[in-house]
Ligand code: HEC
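As structure tokens, one chain now follows by itself in the form predicted alone.
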């Protein structure tokens, strides 16, 4: 054997270099880079570098997701990490440590609660057989998802159908047991096509019509980013997600992430404010779709509000919260009462109104049943109430999920004309009502019509009649912020 010492030294050097390279590659692992980035942002409370494992009790299978997603916010108190983990909702490969393999098989991409995947990812909330827990079915049949009434109105106005009965939706829906006044099924809004193409389209399962308004309506209005199944328009004040997350996953007006997960870019618009679901939904989230402007039925075009971006100037980040709220809450052309300025949308609109009651409505009047009298009563009677009778009834669960609820079995709460219990409006003493604001948790006294000098008429109970006397102009609401000190 020639030069045995030289061979031994060479082999040892090669082995040393191989070990050094392996050590270097380990130190350059993507997960370590994310952890170093997290530590750089938290110099006062760094974490030790290392693989982080959790074993959710729901699956009993270990997951390594938080090795990279260190610092990510827990999605909600009702979905604790130690119970649900990440894979239960998001899918993917929970044992992989490189992005490509870990994200293979993700359910719905970044949002598992979109309509295409919510039945799979949110399966705890559907087909439970328990009242109030069939969230996926409810949302899929709601006006927020189908827009059946608006579609029927437009098609009728342009002669595409003989009446305003709901036949089509943004998405199809079925209800095997519709009560009177509701619809059994909706087909997807048709596409306009010549008569000779209709048989071929029908064979492909495409609903088609010979009326041009269908395609025009779809392109001009329904693809504008303002329906639960439609991705949001990527511009300030419009950012949101789809499906369940369209409402329950909050976005900042600029679409930037404010959380602690180092893997989510903080300078890339299109991410939620935090990785968190909530039922304390502020008006600003609703405004990412509502109150942005108006559609013209004549021109099939959207006219944005002239006083807000992008048509108007940006609002200063230094405006006091209440002043900013008054500036952007409602459109200037409207007429509103003081309580409408002060409350958030969800303080009046109930779960059944927003998410639907499980049946297919084809008009707003079939879904929106809360009126001023629901909480304020009338000249001849107090608001209608009902007692909380069980810990697991929907009103109690809603109060607990919200986090601001102060509800106990035996409390009396206001009920809607359809019997839905409004957990946030309690009768705290005979003839005295208090509302817990769902976003801030503040308690406010509910003024009553009963026993007042109101000139309310028995046949004039819609909010527009209340507005006639109780309208509170925008300028009056802004005066406290505009007056000199």
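Keep in mind it's a predicted model, so treat the numbers as computed, not measured. Residue numbers count along the first chain shown, from 1.
Not on display, but discussed next: the form predicted together with the ligand.
- If you check the ligand in the predicted bound form, you find a heavy atom from every one of 339, 344 and 371 within 4.5 Å.
- Looking at 173 to 181, 195 to 203, 160 to 168, 142 to 150, the stretch with residues near the ligand in the predicted bound form, meaning non-hydrogen atoms within 4.5 angstroms, turns out to be 142 to 150.
- Taking the partner from elsewhere, residue 66 is found to have a heavy atom lying within 4.5 Å of the ligand in the predicted bound form.
- In the predicted bound form, residue 109 approaches the ligand with a heavy atom inside 4.5 Å.
- Taking the partner from elsewhere, residue 84 is found to have a heavy atom lying within 4.5 Å of the ligand in the predicted bound form.
- Taking non-hydrogen atoms only, residue 431 never approaches the ligand to within 4.5 angstroms in the predicted bound form.
- Comment: the ligand is not present in this chain, but in the predicted bound form one of 227, 412, 211, 324 has a heavy atom within 4.5 Å of it, namely 227.
- Taking the ligand as positioned in the predicted bound form, the residues of 87 to 104 that bring a heavy atom within 4.5 Å of it are, in sequence order, 87, 89, 90, 91, 92, 93, 94, 96, 97, 98, 99, 102, 103.
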